[in-house]
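Listed next as structure tokens is one chain, alone, in the form predicted on its own.
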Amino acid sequence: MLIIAETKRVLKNFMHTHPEMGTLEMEGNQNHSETDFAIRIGGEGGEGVISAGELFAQVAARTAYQVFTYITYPAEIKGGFSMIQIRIKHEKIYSMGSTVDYLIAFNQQAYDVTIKDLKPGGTLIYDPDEVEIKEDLNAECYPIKLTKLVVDATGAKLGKNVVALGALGHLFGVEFGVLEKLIKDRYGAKGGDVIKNNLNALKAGYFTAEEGNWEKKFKLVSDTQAKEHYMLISGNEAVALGAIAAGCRFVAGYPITPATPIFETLTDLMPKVGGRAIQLEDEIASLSACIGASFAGEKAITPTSGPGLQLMGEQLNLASMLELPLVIVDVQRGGPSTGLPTKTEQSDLKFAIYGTSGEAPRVILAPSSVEDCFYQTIRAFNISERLQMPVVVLTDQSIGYRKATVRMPDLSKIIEVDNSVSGETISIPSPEKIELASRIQMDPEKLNEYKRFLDTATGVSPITSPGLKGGQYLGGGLEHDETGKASYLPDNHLKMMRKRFKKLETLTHILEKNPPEYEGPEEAKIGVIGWGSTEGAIREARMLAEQRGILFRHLHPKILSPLPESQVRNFLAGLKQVIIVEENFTGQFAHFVKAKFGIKPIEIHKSEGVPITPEEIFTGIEKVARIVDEKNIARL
């Protein structure tokens, strides 16, 4: 109960520092209920593009509307194309969208790279000293000399992003005092001169836009009652909060893009719940420390990315051999090698499932949204603890750095379940109920003939922690018998391999009893399967498809290995064609599904370092539908 109390206190404090509240008013006759627009800011790395966008996102999040950001930046510390996109909508947002309504271009590269995504008739804000635009451009254009304005206001070129923030603030009717407070909060620790210069830059942008009579279409106004149950957080922050909520009290890690924010957040939170955080020399040492912490009885986590997961291979095997619970979070990025360290990709799946020597069972989860990162991380700990095995959580750069308004978890819904409760009855974590499970401990009164690796019907055998009299056992990387003693006998090796893999059978049995993880009409002849962060884009593609008379079912499993096979077969039943959507070059999940179910899906891949869009998915689905579902398309 102490852990639950600590968890609730820390989560409550975190949520109170991240609430975003307000309401959105609109100029003119626009319909409140159909608000949906996206703002993109692009420029050179080091110009503060992302800082400006994040500050504006904070303003936008303090409305009754939903906010969803997408961030991409270069690998270099300075230079290269950098971009942030903020989407604002009257209802839940599932993806960054396919186009933008407002584009702010700091330089020519930003204009050249992103102008194709500006909607016809959209708004372009640009620096005419830096950007040359097409004369026949179908857009409402607002030139503003960002560099000149900041030099005139501060005497230096640094701060053009704040000029842009001021201009955006005026365009959306934000009170200057709201922006002023944001600047003071953001730069207050840097001293009076920094605050003064930034406020001068803010004024320059704000009042230049005012003097230019920029047409206001929306008015962002704060209202402290509108969204008291929501907060604006990133996927990485959600993972960290999920770990704390699950009762994790140990994190070890080595900084690696794009997973570092998880480690930073946990480093800040762990001391507040009596936990420990340690930075080590590499990923091998990090996972080794987690194995030690788990052996001692603690729930442990390590965040990393693809190259780090590679280094962890042998220790991942050791954790599986020792049958110890632990959670690894892989925030995937573009590869191979250093590849695209600041871009997104779903290319670690095969390695996560198969990529170690020998055969070592582990579970693979993939959250589908910022909010889902919180609940699936808790689920990962529940599975890991009850099955005594490693669980790998696959997110990616897009979902990790993305920020979204999410409903705050109801802390009263967090409860610990007794070890006597079977895994089948533990609910999947959700806003309605968050049950926390722990490892099955050996009864101290039954230690006379304790066998740590006793072969059981489920593959799970009770565990002890150091210090329990009579509970000591041998734990090593060699194959062993039920007591932990090394054994190389053929029959014993087969027996222990069956024991370890029996846990996956146990989990599969549990998964088959869970609610189906697909949606869409039974009469649909097309099925779309995705995983991880593609869920939102597929959801919005389904909305586009339904508007055009195309029906399809959508399966998006959260546990990728082991798959609930009977549920997948039920989904496939009656379909004429299956489409699998993923963000990698070779179709890794498609290969996995083909091998399991013997189907020949159509594969939609995107491997460009940026997320797939709803329009791109719909285009592929429409081509299939013209062959498979021509009758429904003909209704149009």
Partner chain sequence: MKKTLQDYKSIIEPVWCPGCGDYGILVSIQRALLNLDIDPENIVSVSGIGCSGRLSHFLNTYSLHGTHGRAVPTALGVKAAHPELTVFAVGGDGDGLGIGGGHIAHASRKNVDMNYLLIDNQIYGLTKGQTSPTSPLGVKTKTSPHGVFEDTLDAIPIFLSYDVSFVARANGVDPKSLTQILMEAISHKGMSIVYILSPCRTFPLLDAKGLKAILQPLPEDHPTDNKMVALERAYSDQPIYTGIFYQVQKPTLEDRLQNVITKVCDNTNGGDKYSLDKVLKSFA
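Residue numbers count along the first chain shown, from 1. Not measured: the values here are computed from a predicted model.
The next section is about a form of this same protein that is not shown, the form predicted in complex with its partner chain.
Peer 1: Looking at heavy atoms inside 4.5 Å, which stretch does its partner chain contact in the predicted bound form, given the options 166-174, 207-215, 238-246, 541-549?
Peer 2: Selected stretch: 238-246.
Peer 1: Whether Phe56, Gly155 and Glu371 jointly form a contact site for its partner chain in the predicted bound form is the question; each needs a heavy atom within 4.5 Å.
Peer 2: Checking in the predicted bound form: none of Phe56, Gly155 and Glu371 is within 4.5 Å of its partner chain.
Peer 1: Should Pro143 be classed as touching its partner chain in the predicted bound form when contacts are defined as heavy atoms within 4.5 Å?
Peer 2: No, Pro143 is distant from the partner.
Peer 1: Given that its partner chain is not shown alongside this chain, does Lys451 nevertheless sit within 4.5 Å of it in the predicted bound form, heavy atom to heavy atom?
Peer 2: So Lys451 does not count as contacting its partner chain.
Peer 1: Would you please decide whether Asp112 lies within 4.5 angstroms of its partner chain in the predicted bound form, comparing each non-hydrogen atom pair?
Peer 2: Looking in the predicted bound form, residue contacts with its partner chain do not include Asp112, since no heavy atom lies within 4.5 Å.
Peer 1: Can you tell me whether Arg62 touches its partner chain? I mean in the predicted bound form, with a 4.5 angstroms heavy atom cut-off.
Peer 2: Heavy-atom contact with its partner chain at 4.5 Å: present for Arg62.
Peer 1: Which of these residues, Thr456, Asn514, Thr508, Thr257, gets a heavy atom within 4.5 Å of its partner chain in the predicted bound form?
Peer 2: When its partner chain is considered in the predicted bound form, the option within 4.5 Å is Thr257.
Peer 1: Under a 4.5 angstroms heavy atom criterion, identify the one residue in Leu555, Ala289, Leu560, Met96 near its partner chain in the predicted bound form.
Peer 2: That would be Ala289.
Peer 1: Though the partner is not shown here, which residues of 259-282 have a heavy atom within 4.5 Å of its partner chain in the predicted bound form?
Peer 2: Read in sequence order, the residues that approach its partner chain (within 4.5 Å, in the predicted bound form) are Thr260, Phe263, Glu264, Thr265, Thr267, Asp268, Leu269, Pro271, Lys272, Val273, Gly274, Gly275, Arg276, Ala277, Ile278, Gln279, Leu280, Glu281, Asp282.
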